[in-house]
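Only one chain comes next, encoded as structure tokens, the form predicted on its own.
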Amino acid sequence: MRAYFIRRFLLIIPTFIGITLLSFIVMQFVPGGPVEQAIMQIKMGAAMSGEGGATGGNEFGSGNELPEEALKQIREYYGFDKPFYVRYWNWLCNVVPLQMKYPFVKWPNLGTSYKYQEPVWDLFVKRFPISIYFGLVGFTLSYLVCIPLGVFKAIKHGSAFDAMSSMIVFIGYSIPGWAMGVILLVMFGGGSYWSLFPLGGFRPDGWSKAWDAGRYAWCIKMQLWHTVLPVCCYMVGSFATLTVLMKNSLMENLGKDYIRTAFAKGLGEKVVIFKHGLRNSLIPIATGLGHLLSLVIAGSYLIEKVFNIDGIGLLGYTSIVQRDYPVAMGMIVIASLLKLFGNIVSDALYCLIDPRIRFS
């Protein structure tokens, strides 16, 4: 089994290169990149100042085009004067210190954002706490709600409760999280009929000053008030999956011989279900704990856009819309590495929880 995990760790290298190379190629050839945006901004600025208006201006020529020398300088500034494979190699050498001149001194070096003119890693660090907060809250509530619900559905299989809960769960699963966010804001957001929750944001204005002033109860209340609606949208995607997985796993175990033997020995129904059946049924659920690593980037692009939460998701959305390639590639680097390592951790947990599993 040790050889299996060694191979899994070694496979991270080609997988990471494949993911980043494909993403890099797609981003480089998508129209509307930083070079085109820079040219458009220069033309708009010249038109507004009257230098490139209806007369065309001497600077841009009769066709209202930038001089070739200016275009060359813009391409050199953004690195588009080199072939894409050279640009990818330079980017990879910065992300992974392959040149080893000053290894790990300024690592991770994900580049500088075109929009914010700040190191990409610094932008991520500012928003990591927000994503971790929503990720932990959503992950914890999903397990706390879905496991008891799945157990109760398995016990009451075929009942009216099972049918009604299944219908509600799958209706919620069929609605995208961002669409659910719009519905919740219309129904319960500030200015609506009920107006129970704020329209968005991670925290209200003045939260930091109130915390420094010792108004802890008010700060905790407002933080929770801003959390309810976004967390509901984060949970709706995994809610049906975890509930159905828990139900099916428990029903499968309740039909096995060791459960019938436990009943034959005269053990009570609760003891058999919760002490014997539930413990083995939690194995598929518990392996999902390996993806706790991915909670760092748990922010959803569109959900954070709907609720105007300045987290990793909104940063990624902005980087894609505005073609901020360093930020977008940085998101891909972190997301892919956490996902790859999370899968390995899940396999390791599977082996620890169920000794019968042996990978070869």
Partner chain sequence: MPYLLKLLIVLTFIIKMLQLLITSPLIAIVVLVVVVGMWKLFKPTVDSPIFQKRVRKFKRLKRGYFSFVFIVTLYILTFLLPFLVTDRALVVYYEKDVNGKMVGEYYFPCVKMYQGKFFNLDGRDKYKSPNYRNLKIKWEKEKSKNWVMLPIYPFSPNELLLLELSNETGKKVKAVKANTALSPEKKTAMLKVLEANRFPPTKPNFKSNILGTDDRGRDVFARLIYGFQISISFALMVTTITYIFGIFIGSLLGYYGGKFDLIMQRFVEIWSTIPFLYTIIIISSILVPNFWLLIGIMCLFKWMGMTYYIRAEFLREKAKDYVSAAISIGASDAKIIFKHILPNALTPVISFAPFSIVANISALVSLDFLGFGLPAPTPSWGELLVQGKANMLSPWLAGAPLGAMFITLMLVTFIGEAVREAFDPKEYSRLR
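Rigid core: the largest C-alpha set superposing within 1.5 Å between the two forms. Residue numbers count along the first chain shown, from 1. Just so it is clear, the model here is predicted, and its values are computed rather than measured.
Not on display, but discussed next: the form predicted in complex with its partner chain.
Highlighted residues Ile74, Gly79 and Arg87: none comes within 4.5 Å of its partner chain in the model of the complex, counting any heavy atom.
Out of the listed residues Val236, Ala154, Leu110, Leu123, Ala154 is the one that sits within 4.5 Å of its partner chain in the model of the complex by at least one heavy atom. A heavy atom within 4.5 Å of its partner chain in the model of the complex is found for exactly one of Leu66, Leu292, Ile332, Val35: Ile332. Although the partner is absent here, Ile320 sits close enough that one of its heavy atoms falls within 4.5 Å of its partner chain in the model of the complex. Though the partner is left out of this view, Ile220 does not reach within 4.5 Å of its partner chain in the model of the complex, counting heavy atoms only. In the model of the complex, its partner chain stays beyond 4.5 Å of every heavy atom belonging to Lys43. Under a 4.5 angstroms non-hydrogen atom cutoff, its partner chain in the model of the complex has Ser174 among its neighbouring residues. Shown without its partner, the chain has Lys339, Leu340, Asn343 in segment 339-353 as residues with a non-hydrogen atom within 4.5 angstroms of its partner chain in the model of the complex. Comparing the forms between this form and the one not shown, the C-alpha position of Ser336 differs by less than 2 angstroms, with the core used for superposition.
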